[in-house]
Ligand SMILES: Cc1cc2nc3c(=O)[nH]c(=O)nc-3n(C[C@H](O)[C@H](O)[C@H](O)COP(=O)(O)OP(=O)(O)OC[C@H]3O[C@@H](n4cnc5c(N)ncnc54)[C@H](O)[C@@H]3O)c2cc1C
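This document opens with one chain alone, in structure tokens, the form predicted on its own.
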Amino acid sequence: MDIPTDCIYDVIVGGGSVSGLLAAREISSNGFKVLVLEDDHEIGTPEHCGGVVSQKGLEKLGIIPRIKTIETNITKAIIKSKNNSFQINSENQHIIVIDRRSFDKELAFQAQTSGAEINTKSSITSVNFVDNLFSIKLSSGKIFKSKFFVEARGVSHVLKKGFRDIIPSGQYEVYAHWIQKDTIEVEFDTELYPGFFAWIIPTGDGKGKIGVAGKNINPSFTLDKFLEKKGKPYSIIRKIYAPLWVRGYIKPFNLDRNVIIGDAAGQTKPTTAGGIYSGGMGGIFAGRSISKSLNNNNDCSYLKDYQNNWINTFGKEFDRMLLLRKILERLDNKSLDKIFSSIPAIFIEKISLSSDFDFHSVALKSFLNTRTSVNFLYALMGNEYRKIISDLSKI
């Protein structure tokens, strides 16, 4: 069957979130014909992400968000264990909470202005490589073809590849008097949120995103219990449920001309599952490498630059976070309480003044290297802890 020429593209991007739209922007800005196919009915929906990002990270992505996209500025974070807590001040880190629906539409406008086309409600049912072109079939029956296909459909792609170590999560948009517009709250409880935590991310005074994640939990039941503990009155405006991937990047980032980016490539932080910056840079690096390939008769050897550039930027950070996760997943509530109660004030001040929001494993490593933490964790984990700390020092 002949495909109309207006259905043939240099690159088709499956998925219209941050990484996919940034890849489309990069490729189309180099003069190539790009189509973005988004499964949902609207760019930016559903909004799985907490939307916490640094202004510095956004600048590196080539984005200056409009005022209406910034929901609030974060000046402090309260970190809690079951019976203890500490506060980190973050005024100097310029951390903001963005409205992801508005933000993603900004990225879509950038991509479109650069020359990309974007189609929503376009569910891909098959991707095949035939006669030196990808054949992309939609649920509507329509077929598009392209020289390159960019996989940016998120954690669903990770599941399709057979990975099962996924953490269930839920996030509600909530109106409540106890939400402070400049304060993020993170609560660890190894019984309620095993392997992860609960969070409050403000989107303004008295409104925010309340979420939980943890191994084998029922997110709806767990979130309802968390809200009951916080206290009424509150109103739930929206409910979203989504799986999280926290096991690090998944190589290779391309299979010949099939290029994988963002959540689909595991480019989300192993500690928080955040990926606006790391996944966004994945889209940019991939877009630049694909453009080079297209400029050189589809030579796939240029695609290795994408993986190399991403790993050179984020690889050590992700490897550190995976080792730290290995420690944190071994701790129970009693252990966390003991560590939290013994954190020196000077250490908290040091984090507040010098920690980098986009690369926070160094601060976590310092936290686990405090005298009390070292003694306690060595007693708990023995030589395994010593080996992990030794591995951290090598990264």
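Numbering starts at 1 and runs along the sequence shown. Treat the numbers as computed from the prediction; the structure is a model and nothing was measured.
The form predicted in complex with the ligand exists for this protein as well; it is not shown, and the discussion that follows is about that form.
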Would Ser146 count as a contact of the ligand in the predicted complex, using a 4.5 angstroms cut-off between non-hydrogen atoms? no
Is Glu38 one of the residues lying within 4.5 Å of the ligand in the predicted complex, judged by heavy atom distances? yes
Given that the ligand is not shown alongside this chain, does Gly57 nevertheless sit within 4.5 Å of it in the predicted complex, heavy atom to heavy atom? no
Does any part of Ile12 reach within 4.5 Å of the ligand in the predicted complex? Heavy atoms only, please. no
Heavy atom within 4.5 Å of the ligand in the predicted complex, from candidates Ile236, Ile240, Leu227, Cys300, belongs to Ile240
Please tell me which of Ala273, Leu133, Leu223, Leu192 lies within 4.5 Å of the ligand in the predicted complex, judged by heavy atoms. Ala273
Heavy atom contact within 4.5 Å of the ligand in the predicted complex, the stretch among 309 to 317, 288 to 296, 118 to 126, 215 to 223: 118 to 126
Sequence-ordered residues of 31 to 69 touching the ligand in the predicted complex, heavy atom within 4.5 Å: Leu37, Glu38, Asp39, Asp40, His48, Cys49, Gly50, Gly51, Val52
